[in-house]
Every structure is written in structure tokens, then in C-alpha cells.
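A single chain, nothing else alongside it, follows as C-alpha cells in the form predicted alone.
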Amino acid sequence: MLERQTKGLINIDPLQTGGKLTEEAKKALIEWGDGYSVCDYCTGRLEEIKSPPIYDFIHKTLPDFLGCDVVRITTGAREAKFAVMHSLAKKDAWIVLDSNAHYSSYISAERAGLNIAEVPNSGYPDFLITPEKFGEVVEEAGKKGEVVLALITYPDGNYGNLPKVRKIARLCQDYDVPLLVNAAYAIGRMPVKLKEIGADFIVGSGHKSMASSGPIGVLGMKSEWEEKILRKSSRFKNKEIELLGCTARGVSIMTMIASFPSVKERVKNWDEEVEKARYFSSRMEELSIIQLGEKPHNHDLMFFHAENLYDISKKMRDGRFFLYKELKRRCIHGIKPGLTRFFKLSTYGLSKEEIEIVLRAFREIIDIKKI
């Protein structure tokens, strides 16, 4: 039997803290785990299945939750981004994206044949993306060719920075450039609505932030883009080309639906999650482990610079793997093996008691390993 070695540990992995399945989703996982289980009820399009209630979820529940007109389920956030980029791509056209963007944003743009103009961040230690710099890059790219899309990562998956997305959206409107918000670490964790932002597209990740068994993503858009992005095949009249006809054909969509009531409710507690993250950051800095990114921090995902742990690792038999092993001995999982100097983690969903356990672990590791 295959079992996860991390079972039962306190999980601080940003990729997983927002994706942990609810009890309802675990039941759905078993019930709908056979292959493309929902295909038993499909007449050609996933979003048209009424029993189980996928139709209502995609056409009513999610648009209201995301604050948009049209929603589609995708097989991941990257597939959602690529669908938009590929639909809008033109010969010699440009996309503007922030330098904190996930690697899949760059690869999606490359695959779509777009030229990339990168908005630089402010550098160490904040790594901020400012609206002013974003506007400058949009304007400069426009001198080289047509800018068909801009993308802002909200928050980014490295530092957990939340750029001033509404101001960036207004700037893009001034330049008549549609804006895509990659909210893979936002949707399902914190309140975020497309129309309140003023952007054109929004992308989320079910397995990162919506307590779903992945991979699964969500794509929301304004109605004005529906015909272009969701255009249909000339040969198979009911199949949407960019989605390759169908997407999350089984357990992923069912776990997302099962978890949704809990996800919708937990978003209301976002202020508490931010408070926990700020508390954790302040206690880590008392240990000379410095939180990088914006301060005060506004997200559960945090990036740390630990020069003291790095110095210790150089003297340890386990070398750069010592931190991973020491945390695991204390039943804590989530910092990638081999990282000591720079690492990221998340406090999302942790109890105050669990946060104290993690903080105590770092204190013990620093104290015990002093040489």
C-alpha cells in the first residue's frame, strides 16, 4: 500500500495548506474516484451536467463567488491562463506580466507565441510590483507592437505580495489592454471578485486554495470575452476549442463542489489568517529569521531569509538537508528538502497551538545546533 510519509504531520507547505480536503470532499473522493466518473451523466459538455449539480455550480455558484459573468473549470490554473493567452495571441503581439509571476505564466505565453515584457520588482527585501512600474512597461511594450494582454499575480507564489491590483486594472483600462489576474493563492483563501478589481479575467487553483483534489483550476471572465475565449469547434459544434472539449472529468470537480460550502465560509475569516501570519512573521524575526516581501504582510504565504540556519547547515553532517530533517523529527512538513537559507511556508488553516509548535521547533533547532 502506498502511504504518504507526511501523514499526520503539521503541514506548512504553501502548495497544500489551502488545498487540504474537507471531510465532505474526502467522501466525494471515494464516491467519484472511478475514472471519468461524471462522464456517465454527460451529454457533451461538463458544465451542462445537471445531476450531479455541476451546471448550477459552474453557471450560478462560482460566478457569484468570483464576481464575474462566465466561469469554466479547467484542468489547472496554467491551462486557464494559456486558454486566454492563446485566444488573444496575434503575430508579433506582446504580453506584459510581473516578474513575480509563476513560471507557468511565462511558459504559457511562450507556447502562445507571445513576446514577453516583464515588469521588474523592487528587489531585495520587498520584491514589490508597483502600478507605476507596471504602467511604464505597458507603455514601452506598446511602442514595440500590440499588447494583447497583461497579467498580474495576486498574490505571487514566492513572497505572498498583494500588489495594488485595482490601480493596475485602471492603468490597463487606460491603455485598452485586457488584464488577467492570476489568483491561484487567493481564490478560496481570501475575498476576491473580478468586477470589484476591474480586470477582465481571473484564474484560480482548486488544489492550491479551494480544498479540492487536483489538478483543477477555475477561469472567470466578463461576458464580453465569452465568444472569443470559449469559441466552439466547427466540426464538433458543442465543444469549446480552448478547453479541448472538456476538462475536469471526475473526482476533481466533485471534491471542489463538496468542499465549496466550507471554502465559502472560511473566506470570511481571512482577517484572522492575516493576523496569524503577521504574528508568526514577528516571532520568526525575533529569531533573526527575516521575512521578505511586503510588510506588514497581507497573506499567509511567507518567504524567509535565515542566514543563521544557513551557517549552521554548513557545519552539519546532513548539510543543507538538516532543516528539513529536524522539522520532520518534530512532525512538521512543508519546507522543501535542501533549503535552509531561503524558504517559504504558509500558516493557512493552522491553529494557534500548531503555530506555536512550529515556532518552538525553529527555536529549538537554532539553540540545539549552535556550535
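The numbering used is simple: start at 1 and walk along the sequence shown. The structure presented is a predicted model; accordingly, all values stated were derived computationally and were not measured.
Absent from the display: the form predicted together with another copy of the chain. The rest refers to it.
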Exercise. Quick check: do Arg266, Pro296 and Phe304 each get a heavy atom within 4.5 Å of another copy of the chain in the predicted complex?
Worked result: no
Exercise. Of these, Ala248, Val147, Val165, Ile202, which has a heavy atom no more than 4.5 Å from another copy of the chain in the predicted complex?
Worked result: Ala248
For this session: Work out which of Lys60, Arg341, Lys315, Lys328 lies within 4.5 Å of another copy of the chain in the predicted complex, going by heavy atoms.
Result: Lys328
For this session: Given that the partner is absent here, state which listed stretch (342 to 350, 62 to 70, 37 to 45, 304 to 312) has heavy atoms within 4.5 Å of another copy of the chain in the predicted complex.
Result: 37 to 45
Problem set entry | is_contact(Ala361, another copy of the chain) in the predicted complex, heavy atom dist at most 4.5 Å | no
Problem set entry | Exercise: Phe236 in contact with another copy of the chain in the predicted complex, heavy atom 4.5 Å | yes
For this session: Determine whether any heavy atom of Tyr106 comes within 4.5 Å of a heavy atom of another copy of the chain in the predicted complex, and answer yes or no.
Result: yes
Exercise. Are any of the heavy atoms in Gly214 no more than 4.5 Å from a heavy atom of another copy of the chain in the predicted complex?
Worked result: yes
Exercise. Since the partner is left out here, which residues of 52 to 88 would have a heavy atom within 4.5 Å of another copy of the chain in the predicted complex?
Worked result: Pro53, Thr75, Gly76, Arg78, Glu79, Phe82, Ala83, His86
